[in-house]
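Here you get one chain, nothing else, as structure tokens; it is the form predicted on its own.
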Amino acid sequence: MMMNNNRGKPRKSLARRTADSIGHHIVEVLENEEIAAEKGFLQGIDPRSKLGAILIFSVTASVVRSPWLLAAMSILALVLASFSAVDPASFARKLWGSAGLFATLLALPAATQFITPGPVLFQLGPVAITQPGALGAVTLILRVVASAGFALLIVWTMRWTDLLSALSQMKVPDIIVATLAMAQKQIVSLMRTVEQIHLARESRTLGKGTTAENRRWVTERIAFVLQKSVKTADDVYDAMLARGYSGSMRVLHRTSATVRDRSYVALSAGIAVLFIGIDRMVMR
């Protein structure tokens, strides 16, 4: 490692930074499984009912036009997360750090006078932000955040096996379910492989290497991981055929919706109708 004279802290090499980043994401995947196994509000809902309610809220977020109602839906997602053993601060940070940031980058140009003419709200140097442009940008950002928030609840409150089981019981084509099942396992496996490759390089080199050397090394490793993923896919498929796989996915644990599950879906539908009704009256 080399010392950074400006801050007095050791500067990590490219291999170390990449390995740490991959390790962090793997830990997040494992943490999601742990949270999904907790005893929370959404964890106690039948997976199919939960998917149906999330779909209702996502569709509602796509048709509501009022930014205030979209903000209320974002808060609703946050409240559901807090009642489901999910840290609200972590939930909000990941939601706004990914979907919120991405939507902001896309929406900001539309807020300028160059794209959306209208009364100027404020001036940022040569760039003027207009009132209709700002309103449209805020609406788009809140809509993306609200939809992504409900989708994120699925990831954090439902185990992967429960999601696949729910999709099978909802008559989703077996090829899609099988692809999702294999993809989740192989992505984590390949992430482990890439992490070990970078750790091996870190342990065998003393310097950071030049930019050209790092670029060439990363390119070679990308090709290696691609070849390994293709070979692994072939090996897994051959192993599945050898064990009797015929293209159909069996559901080992079938669930049935209870009164509580149906009530949750009905309540979600009622809230969605209420949001849409208020939106139509406010935005008339």
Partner chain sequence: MHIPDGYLGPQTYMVLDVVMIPIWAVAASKVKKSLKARQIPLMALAAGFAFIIMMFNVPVIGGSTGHAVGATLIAILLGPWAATISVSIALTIQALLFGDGGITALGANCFNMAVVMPFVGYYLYRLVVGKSGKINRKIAASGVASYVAIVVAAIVAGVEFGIQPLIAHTASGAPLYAPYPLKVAVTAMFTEHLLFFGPVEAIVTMGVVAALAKQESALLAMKPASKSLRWVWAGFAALVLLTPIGVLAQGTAWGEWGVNQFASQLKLSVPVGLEKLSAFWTAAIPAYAPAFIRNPFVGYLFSAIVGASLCIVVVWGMGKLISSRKIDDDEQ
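Model, not experiment: these values are computed from the prediction. Numbering follows the first chain given and starts at 1.
The same protein also exists as the form predicted together with its partner chain; that form is not shown, yet it is the one meant from here on.
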{"property": "The unique member of Ala128, Leu135, Ala71, Ala92 whose heavy atoms fall within 4.5 Å of its partner chain in the predicted complex", "result": "Leu135"}
{"property": "Answer option from Leu78, Val194, Ala85, Leu121, heavy atom within 4.5 Å of its partner chain in the predicted complex", "result": "Val194"}
{"property": "Any non-hydrogen atom of Arg262 within 4.5 angstroms of its partner chain in the predicted complex", "result": "no"}
{"property": "Touches its partner chain in the predicted complex: Thr18 (any heavy atom, 4.5 Å)", "result": "yes"}
{"property": "Distance check, Ala257 to its partner chain in the predicted complex, heavy atom within 4.5 Å", "result": "no"}
{"property": "Partner proximity in the predicted complex: Ile22 to its partner chain, non-hydrogen atom cutoff 4.5 Å", "result": "yes"}
{"property": "Heavy atom within 4.5 Å of its partner chain in the predicted complex - qualifying residues of 216-245", "result": "Val218, Thr219, Glu220, Arg221, Ile222, Ala223, Val225, Leu226, Gln227, Ser229, Val230, Lys231, Thr232, Ala233, Asp234, Val236, Tyr237, Asp238, Met240, Tyr245"}
